[in-house]
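Next up is one chain by itself, shown in structure tokens, the form predicted alone.
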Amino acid sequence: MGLREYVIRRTIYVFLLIVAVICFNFFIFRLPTFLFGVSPLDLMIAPEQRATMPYESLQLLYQNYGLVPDPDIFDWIYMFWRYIVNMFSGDFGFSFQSQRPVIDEIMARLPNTLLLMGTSSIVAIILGIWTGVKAAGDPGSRKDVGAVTMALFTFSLPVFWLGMILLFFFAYMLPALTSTLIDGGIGLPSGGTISYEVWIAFKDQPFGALAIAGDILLHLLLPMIALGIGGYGGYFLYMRNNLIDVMTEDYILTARAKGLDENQVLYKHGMKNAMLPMVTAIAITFGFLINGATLTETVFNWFGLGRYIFDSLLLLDYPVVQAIFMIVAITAVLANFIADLLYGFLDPRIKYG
């Protein structure tokens, strides 16, 4: 099978999988209505309150949320068709809590989540790959054992607990310890995405964007460290184990027999081939960037999608959860698709296998 046929097969598979995700997303969030006749408006308005509402107001609510009271089979078909049309037009409905379009709420938080998840993922990937290669270059040594122990330790740490520890030391203890040297002490922000005072003071200034960006980076530092440390161990172990396996291959022995320097053997021949399995892991990581780190964003009160998912689940704001679930699922499917294509280009055995 050539590369072209491989790409076509994977494209068809991804298309069918996305169709299945879309259908599943529609029915799973309407299952209580389908099985028990419980309207989503019951989560928003108490039955006794709804009983006293004017008929026109109640019908407007049903219309705004794409619902039909006591739906029959034809109503279900109509709701599914409207769901498909709205989804492809970027209309995910209105939030039960804010009464604003869900897409507006998502877009307001998306840049913050991409900033946090993107920077922490890059830190974890670079640190994990670099230390993994160093450890695999001398397996069984003290350096290798120490690195593996540290990676297993950080990999097993709950990220939210690590975030709380970082907050305790750098946002509370450090300012208290340095308060005798500087009024107010030196420390990092205890939460949030930006300081309200900084935003008010600099939003209209000519170079205020620099001050605002600096304040955002200060707020970003602790959650980024927490997520970076939490994710680094997995990449380290994956890279180290892959590279140790690669270094036992025959072509590595041939390269050494030719008299190549050990660093050349490690980086030019070994690391290049050990990176192939890392492609999937990295692609999946970036595929889930939009999901956010729910617990970490909650601990640090970060204004992102992870915190939004947590709040929406607590408040039973199902239009929000439905929209984010579908976006995350489709993003993950596309990330795996990109990883498959990269495999096809990087590894000739997949092109014709």
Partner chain sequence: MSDVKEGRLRGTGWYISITGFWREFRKHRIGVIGVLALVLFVVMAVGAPIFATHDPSPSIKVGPRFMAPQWTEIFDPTGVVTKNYLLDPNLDSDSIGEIVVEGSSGEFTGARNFAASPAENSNVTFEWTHIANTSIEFRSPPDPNGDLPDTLDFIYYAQTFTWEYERLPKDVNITVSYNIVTTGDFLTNEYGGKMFELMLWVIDSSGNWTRIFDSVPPYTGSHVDRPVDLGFLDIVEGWDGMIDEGDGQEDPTDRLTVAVGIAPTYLFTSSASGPEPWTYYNGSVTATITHMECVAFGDYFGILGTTDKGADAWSQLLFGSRISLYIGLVAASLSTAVGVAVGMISGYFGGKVDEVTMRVVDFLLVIPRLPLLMVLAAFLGPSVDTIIIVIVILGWTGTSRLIRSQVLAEKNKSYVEAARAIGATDTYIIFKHILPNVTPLLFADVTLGVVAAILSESALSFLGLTDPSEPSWGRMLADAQIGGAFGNGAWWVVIFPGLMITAISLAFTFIGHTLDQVLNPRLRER
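Since the model is a prediction, treat every value here as computed from it, not as a measurement. The term rigid core refers to the maximal set of C-alpha atoms that superpose within 1.5 Å between the two forms. Residue numbers count along the first chain shown, from 1.
What comes next is about the form predicted in complex with the partner chain, which does not appear here.
Candidate site formed by G118, W130 and M275: none of these residues places a non-hydrogen atom within 4.5 angstroms of the partner chain in the predicted bound form. Of the stretches 82 to 90, 275 to 283, 251 to 259, 172 to 180, only 172 to 180 has residues with a heavy atom within 4.5 Å of the partner chain in the predicted bound form. Proximity of L289 to the partner chain in the predicted bound form falls outside the 4.5 Å heavy atom cutoff. In the predicted bound form, the partner chain sits beyond 4.5 Å of every heavy atom of I338. In the predicted bound form, T149 approaches the partner chain with a heavy atom inside 4.5 Å. Taking non-hydrogen atoms only, F153 approaches the partner chain to within 4.5 angstroms in the predicted bound form. Taking M107, L210, I165, I77 one by one, only a single residue has any non-hydrogen atom within 4.5 Å of the partner chain in the predicted bound form, and it is I165. Residues of 212 to 240 are not found to place any heavy atom within 4.5 Å of the partner chain in the predicted bound form. Residue displacement note: T11 has its CA displaced by at least 2 Å between the shown form and the other one (rigid core superposed). Core-superposed comparison between the shown form and the other one: the Cα of A332 travels less than 2 Å. Once both forms are fitted on their core, a CA shift of 2 Å or more is seen for F26 between the shown form and the other one.
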